[in-house]
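In C-alpha coordinates, the next block holds one chain alone, the form predicted on its own.
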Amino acid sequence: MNIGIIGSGGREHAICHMLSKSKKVSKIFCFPGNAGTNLIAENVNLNPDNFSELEKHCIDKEIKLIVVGPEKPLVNGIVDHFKGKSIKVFGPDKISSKLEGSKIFTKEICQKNNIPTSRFKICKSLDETIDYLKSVRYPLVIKADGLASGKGVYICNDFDEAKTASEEIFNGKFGSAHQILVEEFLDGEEMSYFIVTDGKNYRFFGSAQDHKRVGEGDVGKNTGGMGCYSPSRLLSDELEFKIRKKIIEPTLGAINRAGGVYKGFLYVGLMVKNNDPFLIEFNVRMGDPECQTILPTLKTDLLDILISCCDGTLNEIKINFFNTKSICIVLCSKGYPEKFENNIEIKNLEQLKLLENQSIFHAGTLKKKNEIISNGGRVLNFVSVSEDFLQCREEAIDLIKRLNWKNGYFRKDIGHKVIKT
(Lines give C-alpha, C1' and ligand atoms only; values in the text may rest on other atoms or scores of the structure.)
Protein backbone atom coordinates (compact mmCIF):
# COMPACT_ATOMS: atom_id res chain seq x y z
CA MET A 1 0.00 0.00 0.00
CA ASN A 2 1.17 3.53 -0.78
CA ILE A 3 0.79 6.01 2.09
CA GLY A 4 0.70 9.82 2.22
CA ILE A 5 1.73 11.73 5.35
CA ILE A 6 0.86 15.39 5.79
CA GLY A 7 3.26 17.56 7.79
CA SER A 8 6.92 18.48 8.11
CA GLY A 9 7.85 18.09 11.77
CA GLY A 10 9.26 15.55 14.18
CA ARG A 11 5.85 14.00 14.72
CA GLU A 12 5.52 13.26 11.01
CA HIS A 13 9.05 11.87 10.75
CA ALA A 14 8.30 9.52 13.67
CA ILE A 15 5.05 8.37 12.00
CA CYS A 16 6.91 7.91 8.70
CA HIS A 17 9.64 5.90 10.45
CA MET A 18 7.15 3.55 12.12
CA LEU A 19 5.15 3.01 8.92
CA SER A 20 8.33 2.31 6.97
CA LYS A 21 8.82 -0.76 9.20
CA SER A 22 5.52 -2.32 8.07
CA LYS A 23 5.80 -5.04 5.44
CA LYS A 24 2.42 -3.92 4.13
CA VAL A 25 3.70 -0.46 3.12
CA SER A 26 5.08 -0.16 -0.42
CA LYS A 27 5.97 3.53 -0.59
CA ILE A 28 5.49 6.65 1.54
CA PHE A 29 4.98 10.20 0.26
CA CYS A 30 5.35 13.18 2.62
CA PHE A 31 3.63 16.53 2.02
CA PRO A 32 6.04 18.33 2.33
CA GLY A 33 8.23 16.33 4.76
CA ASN A 34 11.74 17.28 5.88
CA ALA A 35 15.35 16.13 5.47
CA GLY A 36 14.66 13.12 7.71
CA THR A 37 11.59 11.85 5.88
CA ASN A 38 13.54 12.34 2.66
CA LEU A 39 15.73 9.37 3.66
CA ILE A 40 12.82 6.90 3.86
CA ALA A 41 10.06 8.48 1.76
CA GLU A 42 9.47 10.76 -1.21
CA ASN A 43 8.97 14.39 -0.22
CA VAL A 44 6.42 16.26 -2.32
CA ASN A 45 6.48 20.06 -2.44
CA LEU A 46 2.72 20.49 -2.52
CA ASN A 47 0.42 22.63 -0.39
CA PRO A 48 -1.57 20.07 1.66
CA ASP A 49 -4.24 22.69 2.37
CA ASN A 50 -5.17 22.53 -1.32
CA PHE A 51 -7.27 19.39 -0.99
CA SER A 52 -8.10 19.09 -4.69
CA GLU A 53 -4.43 19.21 -5.69
CA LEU A 54 -3.59 16.71 -2.95
CA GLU A 55 -6.35 14.39 -4.14
CA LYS A 56 -5.08 14.52 -7.72
CA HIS A 57 -1.54 13.65 -6.58
CA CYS A 58 -2.83 10.75 -4.46
CA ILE A 59 -4.75 9.33 -7.44
CA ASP A 60 -1.69 9.69 -9.70
CA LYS A 61 0.57 7.92 -7.19
CA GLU A 62 -2.04 5.33 -6.10
CA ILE A 63 -1.96 6.51 -2.49
CA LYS A 64 -4.66 4.64 -0.54
CA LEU A 65 -4.23 6.17 2.92
CA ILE A 66 -3.48 9.73 4.07
CA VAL A 67 -2.22 10.24 7.63
CA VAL A 68 -2.70 13.81 8.84
CA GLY A 69 -0.02 14.98 11.30
CA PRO A 70 -0.89 18.63 12.13
CA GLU A 71 -4.20 20.11 13.20
CA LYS A 72 -4.83 22.75 10.52
CA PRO A 73 -5.90 20.44 7.63
CA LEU A 74 -8.20 18.57 10.03
CA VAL A 75 -9.85 21.77 11.28
CA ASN A 76 -10.19 22.89 7.64
CA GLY A 77 -12.08 19.71 6.73
CA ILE A 78 -9.67 17.40 4.88
CA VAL A 79 -11.53 14.32 6.14
CA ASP A 80 -14.85 15.68 4.87
CA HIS A 81 -13.29 16.42 1.46
CA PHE A 82 -12.27 12.78 0.98
CA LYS A 83 -15.45 11.27 2.45
CA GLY A 84 -16.97 8.63 0.14
CA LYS A 85 -13.85 8.50 -2.04
CA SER A 86 -11.42 5.61 -2.49
CA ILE A 87 -8.68 7.25 -0.40
CA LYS A 88 -8.89 6.71 3.37
CA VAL A 89 -7.92 9.60 5.67
CA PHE A 90 -6.78 8.93 9.23
CA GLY A 91 -8.06 11.81 11.35
CA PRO A 92 -11.24 13.31 12.78
CA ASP A 93 -13.81 15.13 10.62
CA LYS A 94 -14.48 18.87 10.70
CA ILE A 95 -17.08 18.78 13.49
CA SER A 96 -14.86 16.61 15.71
CA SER A 97 -11.82 18.80 15.00
CA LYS A 98 -13.55 21.76 16.62
CA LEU A 99 -12.30 20.24 19.89
CA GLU A 100 -8.98 21.86 18.97
CA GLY A 101 -10.17 24.43 16.46
CA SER A 102 -12.32 26.26 19.02
CA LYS A 103 -11.42 26.33 22.70
CA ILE A 104 -14.86 27.80 23.42
CA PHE A 105 -16.59 24.86 21.67
CA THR A 106 -14.67 22.50 23.98
CA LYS A 107 -15.50 24.50 27.10
CA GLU A 108 -19.20 24.45 26.22
CA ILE A 109 -19.03 20.65 25.84
CA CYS A 110 -17.40 20.48 29.28
CA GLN A 111 -20.11 22.67 30.78
CA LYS A 112 -22.99 20.65 29.29
CA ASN A 113 -21.49 17.27 30.23
CA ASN A 114 -20.01 18.03 33.67
CA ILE A 115 -16.47 17.36 32.45
CA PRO A 116 -13.98 18.58 35.08
CA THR A 117 -12.15 21.68 33.86
CA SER A 118 -11.29 25.16 35.07
CA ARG A 119 -14.02 27.75 35.58
CA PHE A 120 -14.23 30.13 32.64
CA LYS A 121 -15.93 33.10 31.03
CA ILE A 122 -16.44 33.84 27.34
CA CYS A 123 -16.02 37.53 26.52
CA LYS A 124 -17.22 38.89 23.18
CA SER A 125 -15.41 42.23 23.03
CA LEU A 126 -12.29 43.93 24.38
CA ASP A 127 -14.34 46.29 26.54
CA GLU A 128 -16.28 43.41 28.11
CA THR A 129 -13.03 41.53 28.75
CA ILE A 130 -11.31 44.48 30.45
CA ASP A 131 -14.34 45.13 32.66
CA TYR A 132 -14.35 41.47 33.70
CA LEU A 133 -10.59 41.44 34.36
CA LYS A 134 -11.02 44.19 36.97
CA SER A 135 -13.10 41.89 39.17
CA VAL A 136 -11.22 38.56 39.08
CA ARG A 137 -8.48 36.85 41.07
CA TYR A 138 -5.00 36.34 39.66
CA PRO A 139 -3.19 34.46 38.25
CA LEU A 140 -5.55 33.54 35.44
CA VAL A 141 -5.32 32.19 31.90
CA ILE A 142 -6.38 33.98 28.72
CA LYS A 143 -6.79 32.03 25.48
CA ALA A 144 -7.43 32.92 21.86
CA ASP A 145 -10.40 30.88 20.65
CA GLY A 146 -9.02 29.43 17.40
CA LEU A 147 -5.79 27.83 16.21
CA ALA A 148 -2.71 29.79 17.25
CA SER A 149 0.16 27.33 16.62
CA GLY A 150 0.40 26.68 20.36
CA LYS A 151 1.02 30.36 21.14
CA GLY A 152 -2.43 31.72 21.94
CA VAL A 153 -2.35 30.96 25.68
CA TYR A 154 -1.31 33.57 28.25
CA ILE A 155 -0.76 32.95 31.97
CA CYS A 156 -1.36 36.37 33.52
CA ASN A 157 -0.23 37.34 37.01
CA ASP A 158 -1.98 40.71 37.23
CA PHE A 159 -4.45 43.02 35.50
CA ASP A 160 -1.83 44.73 33.29
CA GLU A 161 -0.60 41.41 31.87
CA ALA A 162 -4.18 40.27 31.26
CA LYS A 163 -5.10 43.55 29.56
CA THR A 164 -2.08 43.32 27.23
CA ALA A 165 -2.91 39.69 26.34
CA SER A 166 -6.53 40.57 25.58
CA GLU A 167 -5.51 43.51 23.39
CA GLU A 168 -3.10 41.35 21.41
CA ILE A 169 -5.77 38.71 20.74
CA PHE A 170 -8.54 41.16 19.81
CA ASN A 171 -6.12 43.17 17.66
CA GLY A 172 -5.57 40.09 15.49
CA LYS A 173 -2.28 38.58 16.63
CA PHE A 174 -3.70 35.10 15.93
CA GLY A 175 -6.17 36.07 13.22
CA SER A 176 -9.60 37.63 13.44
CA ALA A 177 -10.98 37.38 17.00
CA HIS A 178 -14.65 37.86 17.93
CA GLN A 179 -14.47 36.31 21.39
CA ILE A 180 -11.93 35.36 24.02
CA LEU A 181 -11.69 32.79 26.79
CA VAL A 182 -10.75 33.80 30.34
CA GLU A 183 -10.03 30.84 32.62
CA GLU A 184 -9.27 30.17 36.25
CA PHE A 185 -5.63 29.16 36.76
CA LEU A 186 -5.38 25.49 37.76
CA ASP A 187 -2.74 24.29 40.20
CA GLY A 188 -1.23 20.82 39.88
CA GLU A 189 0.97 18.85 37.51
CA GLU A 190 0.41 18.56 33.76
CA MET A 191 0.13 15.24 31.97
CA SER A 192 -0.60 14.11 28.42
CA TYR A 193 -2.89 11.13 27.84
CA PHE A 194 -3.56 9.69 24.38
CA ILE A 195 -6.18 7.49 22.82
CA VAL A 196 -6.91 6.29 19.31
CA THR A 197 -10.53 5.82 18.20
CA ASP A 198 -12.53 4.56 15.21
CA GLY A 199 -15.69 6.54 16.00
CA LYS A 200 -17.17 3.76 18.15
CA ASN A 201 -14.35 2.15 20.10
CA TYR A 202 -11.24 3.66 21.63
CA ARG A 203 -7.92 2.37 22.93
CA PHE A 204 -5.19 3.78 25.15
CA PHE A 205 -2.23 5.07 23.12
CA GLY A 206 0.30 6.13 25.71
CA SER A 207 0.96 8.77 28.34
CA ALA A 208 3.71 11.35 28.61
CA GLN A 209 4.89 14.50 30.35
CA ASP A 210 6.10 17.35 28.19
CA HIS A 211 8.58 20.04 29.24
CA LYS A 212 7.21 23.21 27.62
CA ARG A 213 9.32 25.86 29.35
CA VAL A 214 12.50 26.96 27.65
CA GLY A 215 14.71 26.91 30.76
CA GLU A 216 16.02 24.13 32.97
CA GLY A 217 13.91 23.60 36.06
CA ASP A 218 10.82 24.37 33.92
CA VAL A 219 11.24 28.15 33.95
CA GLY A 220 11.04 30.82 31.26
CA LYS A 221 8.89 31.22 28.18
CA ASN A 222 6.59 28.52 26.84
CA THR A 223 7.77 26.68 23.73
CA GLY A 224 6.34 24.00 21.48
CA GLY A 225 8.08 21.48 23.76
CA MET A 226 11.73 21.15 24.79
CA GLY A 227 11.49 17.44 25.50
CA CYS A 228 9.31 14.72 26.89
CA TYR A 229 9.29 11.44 28.77
CA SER A 230 6.92 8.47 28.67
CA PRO A 231 5.15 6.97 30.49
CA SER A 232 3.90 9.68 32.82
CA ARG A 233 4.85 9.20 36.45
CA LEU A 234 1.34 10.26 37.47
CA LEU A 235 -0.64 7.55 35.69
CA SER A 236 -2.33 4.93 37.88
CA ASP A 237 -5.32 2.63 37.40
CA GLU A 238 -7.49 4.90 39.53
CA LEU A 239 -6.50 8.07 37.66
CA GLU A 240 -6.94 6.37 34.28
CA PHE A 241 -10.46 5.24 35.22
CA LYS A 242 -11.36 8.85 36.09
CA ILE A 243 -9.86 10.18 32.83
CA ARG A 244 -11.89 7.72 30.77
CA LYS A 245 -15.21 8.03 32.60
CA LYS A 246 -15.18 11.75 33.44
CA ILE A 247 -13.48 13.20 30.35
CA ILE A 248 -12.99 10.92 27.31
CA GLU A 249 -16.29 9.06 27.16
CA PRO A 250 -18.52 12.11 27.78
CA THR A 251 -16.57 14.04 25.12
CA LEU A 252 -16.80 11.32 22.45
CA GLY A 253 -20.52 10.98 23.22
CA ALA A 254 -21.01 14.73 22.81
CA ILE A 255 -19.17 14.67 19.45
CA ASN A 256 -21.39 11.83 18.21
CA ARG A 257 -24.52 13.74 19.23
CA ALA A 258 -23.21 16.82 17.39
CA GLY A 259 -22.97 14.75 14.19
CA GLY A 260 -19.20 14.25 14.21
CA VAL A 261 -17.31 11.04 13.55
CA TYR A 262 -14.08 10.99 15.50
CA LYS A 263 -11.51 8.69 13.89
CA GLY A 264 -7.91 9.28 14.84
CA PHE A 265 -5.66 10.24 17.73
CA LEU A 266 -7.00 12.33 20.60
CA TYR A 267 -4.55 14.17 22.84
CA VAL A 268 -5.99 14.87 26.28
CA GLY A 269 -4.04 17.63 28.04
CA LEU A 270 -4.63 17.35 31.78
CA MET A 271 -3.87 19.06 35.04
CA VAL A 272 -3.73 16.49 37.83
CA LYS A 273 -4.33 17.56 41.43
CA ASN A 274 -4.78 15.14 44.35
CA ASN A 275 -5.12 12.32 41.78
CA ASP A 276 -8.07 14.06 40.12
CA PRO A 277 -7.88 14.99 36.40
CA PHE A 278 -8.97 18.38 35.03
CA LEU A 279 -9.08 19.01 31.30
CA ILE A 280 -6.79 21.77 30.04
CA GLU A 281 -7.22 21.18 26.32
CA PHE A 282 -7.79 18.66 23.56
CA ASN A 283 -5.61 18.28 20.48
CA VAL A 284 -7.08 16.33 17.57
CA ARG A 285 -3.75 14.67 16.70
CA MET A 286 -0.66 13.29 18.43
CA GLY A 287 1.37 15.79 20.41
CA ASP A 288 4.85 16.91 19.47
CA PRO A 289 7.29 15.80 20.96
CA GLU A 290 5.06 13.24 22.73
CA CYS A 291 4.56 11.35 19.47
CA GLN A 292 8.31 10.95 18.98
CA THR A 293 8.59 9.68 22.56
CA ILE A 294 5.70 7.19 22.50
CA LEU A 295 5.88 5.66 19.00
CA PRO A 296 9.30 3.97 19.46
CA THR A 297 7.73 1.93 22.29
CA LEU A 298 4.89 0.63 20.07
CA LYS A 299 4.91 -3.13 19.40
CA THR A 300 1.86 -3.38 17.12
CA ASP A 301 2.15 -2.55 13.40
CA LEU A 302 1.12 1.12 13.19
CA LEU A 303 -0.48 0.61 9.77
CA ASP A 304 -2.89 -1.98 11.21
CA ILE A 305 -3.99 0.52 13.86
CA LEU A 306 -4.55 3.34 11.35
CA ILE A 307 -6.51 1.15 8.92
CA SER A 308 -8.68 -0.32 11.68
CA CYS A 309 -9.62 3.21 12.79
CA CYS A 310 -10.55 4.22 9.25
CA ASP A 311 -12.60 1.01 8.79
CA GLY A 312 -14.31 1.08 12.20
CA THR A 313 -12.74 -2.22 13.30
CA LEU A 314 -10.50 -1.08 16.16
CA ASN A 315 -12.23 -3.58 18.48
CA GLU A 316 -10.74 -6.43 16.41
CA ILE A 317 -7.08 -5.67 17.12
CA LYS A 318 -4.89 -5.41 20.20
CA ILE A 319 -2.50 -2.50 20.69
CA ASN A 320 0.64 -3.52 22.54
CA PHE A 321 3.56 -1.44 23.77
CA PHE A 322 6.97 -2.56 25.02
CA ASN A 323 7.26 -2.27 28.79
CA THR A 324 10.02 0.32 28.50
CA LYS A 325 10.72 3.96 29.23
CA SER A 326 11.45 6.66 26.68
CA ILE A 327 12.90 10.16 26.64
CA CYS A 328 13.00 12.69 23.81
CA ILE A 329 15.28 15.74 23.98
CA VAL A 330 14.72 18.54 21.47
CA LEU A 331 17.73 20.29 19.94
CA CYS A 332 16.69 23.88 19.19
CA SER A 333 18.13 26.77 17.22
CA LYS A 334 19.86 29.33 19.45
CA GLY A 335 17.41 32.12 20.22
CA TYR A 336 14.27 29.96 20.10
CA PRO A 337 11.46 30.66 21.08
CA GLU A 338 12.38 34.26 20.25
CA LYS A 339 14.41 35.22 17.16
CA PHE A 340 16.65 32.60 15.60
CA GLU A 341 18.47 31.97 12.35
CA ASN A 342 17.48 29.40 9.72
CA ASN A 343 19.56 27.85 6.94
CA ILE A 344 22.43 26.84 9.25
CA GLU A 345 24.19 23.68 8.08
CA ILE A 346 24.06 20.62 10.38
CA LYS A 347 27.27 18.74 9.68
CA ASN A 348 27.99 15.08 10.38
CA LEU A 349 24.38 14.19 11.16
CA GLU A 350 24.29 11.28 8.75
CA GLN A 351 27.57 9.93 10.18
CA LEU A 352 26.14 9.47 13.71
CA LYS A 353 25.88 5.77 14.49
CA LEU A 354 22.71 4.87 16.40
CA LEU A 355 22.02 1.86 18.59
CA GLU A 356 18.84 -0.13 18.03
CA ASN A 357 17.12 1.65 20.94
CA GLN A 358 17.96 5.16 19.65
CA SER A 359 16.30 7.42 17.08
CA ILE A 360 16.85 10.89 15.67
CA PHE A 361 13.71 12.48 14.26
CA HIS A 362 14.04 15.61 12.15
CA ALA A 363 11.71 18.48 13.04
CA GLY A 364 12.91 21.70 11.41
CA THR A 365 15.29 20.59 8.66
CA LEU A 366 15.66 20.80 4.88
CA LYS A 367 17.87 18.99 2.39
CA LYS A 368 19.62 21.56 0.22
CA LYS A 369 21.94 20.15 -2.44
CA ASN A 370 24.19 17.87 -0.37
CA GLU A 371 23.63 19.68 2.93
CA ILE A 372 21.11 19.32 5.74
CA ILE A 373 20.17 22.78 7.02
CA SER A 374 18.02 24.07 9.87
CA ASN A 375 14.51 25.25 9.05
CA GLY A 376 12.82 26.05 12.34
CA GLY A 377 13.15 26.69 16.04
CA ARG A 378 12.93 23.05 17.05
CA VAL A 379 15.35 21.25 14.76
CA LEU A 380 16.07 17.66 15.84
CA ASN A 381 14.58 15.17 18.32
CA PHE A 382 16.92 12.73 20.06
CA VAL A 383 15.11 9.69 21.46
CA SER A 384 16.31 6.78 23.58
CA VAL A 385 14.27 3.82 24.84
CA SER A 386 15.44 1.61 27.72
CA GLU A 387 14.47 0.18 31.11
CA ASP A 388 15.74 3.28 32.91
CA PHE A 389 14.96 6.98 32.48
CA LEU A 390 18.46 8.08 33.47
CA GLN A 391 20.00 5.83 30.83
CA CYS A 392 17.56 7.21 28.24
CA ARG A 393 18.54 10.79 29.05
CA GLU A 394 22.28 10.11 29.14
CA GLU A 395 22.16 8.36 25.75
CA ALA A 396 20.16 11.17 24.14
CA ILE A 397 22.54 13.82 25.51
CA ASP A 398 25.54 11.80 24.36
CA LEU A 399 24.18 11.80 20.80
CA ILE A 400 23.63 15.56 20.90
CA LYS A 401 27.16 16.13 22.17
CA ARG A 402 28.60 13.88 19.48
CA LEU A 403 26.74 15.87 16.82
CA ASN A 404 28.17 19.09 18.31
CA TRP A 405 25.98 21.48 16.30
CA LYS A 406 27.26 24.95 17.18
CA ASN A 407 23.94 26.72 16.49
CA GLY A 408 21.94 24.44 18.78
CA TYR A 409 20.98 24.31 22.45
CA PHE A 410 18.94 21.88 24.56
CA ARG A 411 17.72 21.24 28.08
CA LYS A 412 19.87 18.77 30.04
CA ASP A 413 17.19 18.10 32.68
CA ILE A 414 14.37 16.50 30.67
CA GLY A 415 12.61 14.00 32.94
CA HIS A 416 14.02 15.55 36.12
CA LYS A 417 10.89 14.62 38.11
CA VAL A 418 11.42 10.90 37.44
CA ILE A 419 15.23 10.87 37.55
CA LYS A 420 16.91 10.99 40.94
CA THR A 421 20.64 11.65 40.65
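Residue numbers here begin at 1 and follow the sequence given. Please read all numbers here as calculations on a predicted model, not as lab measurements.
Not pictured, yet referred to below: the form predicted together with ligand AMP.
Heavy atoms within 4.5 Å of ligand AMP in the model of the complex belong, among the stretches 273-281, 157-165, 300-308, 337-345, to residues of 273-281. Checked against ligand AMP in the model of the complex, the candidates 324, 201, 118, 113 yield a single residue with a heavy atom inside 4.5 Å, and that residue is 118. The single contact residue among 80, 183, 128, 216, judged by any heavy atom lying within 4.5 Å of ligand AMP in the model of the complex, is 183. In the model of the complex, no residue of the candidate spot (362, 393 and 398) has a heavy atom lying within 4.5 Å of ligand AMP. None of the heavy atoms of residue 108 is located within 4.5 Å of ligand AMP in the model of the complex. With a 4.5 Å cutoff on heavy atoms, residue 143 counts as touching ligand AMP in the model of the complex. Ligand AMP is not shown here, and in the model of the complex it never comes within 4.5 Å of any heavy atom of residue 235. The closest heavy atom approach of residue 240 to ligand AMP in the model of the complex falls outside 4.5 Å. Contact annotation for 88-103: a single residue, 103, has a non-hydrogen atom within 4.5 angstroms of ligand AMP in the model of the complex.
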